[in-house]
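First, one chain by itself: the form predicted alone, in structure tokens.
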């Protein structure tokens, strides 16, 4: 064997060769809010086992009962314990407190943060910049024993919850530190018809992804739309 033959590189992995995530249990913290409820509905409709989490188990159970599709409703701690993947869809003002209180339950879990730090005034929505850089980076700092990713920021809660809509025409930008983890999240996004998960960088790039929601809100208000995003040429 020549030296050239011995150092040949393995073929690059196909970026669309994603894992089968159909058997994973997905928990949605903040699953009684519009965004969390919409994500829970779409994932369950796609065949995923979904648990809604809320501060009050009764509220979670009521929301789960309204959605059907085998969705369970539990308090946040039990939702985190019972889930393989945990989506954080809580309001920004309760983000840090919620995660601080669930550090033990979320240890070892794949956490997907979809929180958008935004402010609102007479000029409309604008991006806030957390001390850590982004909501996702705040989550990573608060959950050192979890595998934190960021995704599902740019989805319309109205479209997600509309039972008459079969497909959601959008891409989901996925960020994280581990390819294995971002591949799982991309695959999860791809479970929803019309949706595609696209890797968009490390968590240090999450701020601009979260901030773009302020621009989409402006688009929606001007054009009376529910705008999403498509990434071209990939």
Ligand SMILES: NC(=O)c1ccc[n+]([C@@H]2O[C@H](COP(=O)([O-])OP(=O)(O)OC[C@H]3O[C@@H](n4cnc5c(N)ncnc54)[C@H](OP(=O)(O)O)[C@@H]3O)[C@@H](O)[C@H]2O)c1
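Numbering follows the first chain given and starts at 1. Given the structure is predicted, the values throughout are model-derived calculations rather than measurements.
Although not depicted, the form predicted in complex with the ligand is the subject of the following passage.
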Contact residue in the predicted bound form, chosen from 71, 115, 80, 111 - any heavy atom within 4.5 Å of the ligand: 115
Position in contact with the ligand when the complex is considered in the predicted bound form, options 48, 32, 170, 186, heavy atoms within 4.5 Å: 32
In the predicted bound form, residue 85 touching the ligand (heavy atom, 4.5 Å): no
Residue 125: touches the ligand in the predicted bound form, heavy atom cutoff 4.5 angstroms: no
Residue 139, heavy atom within 4.5 angstroms of the ligand in the predicted bound form: no
Proximity of residue 156 to the ligand in the predicted bound form, heavy atoms at 4.5 Å: yes
Listed range touching the ligand, judged in the predicted bound form by heavy atoms within 4.5 Å, from 49-57, 199-207, 186-194, 170-178: 49-57
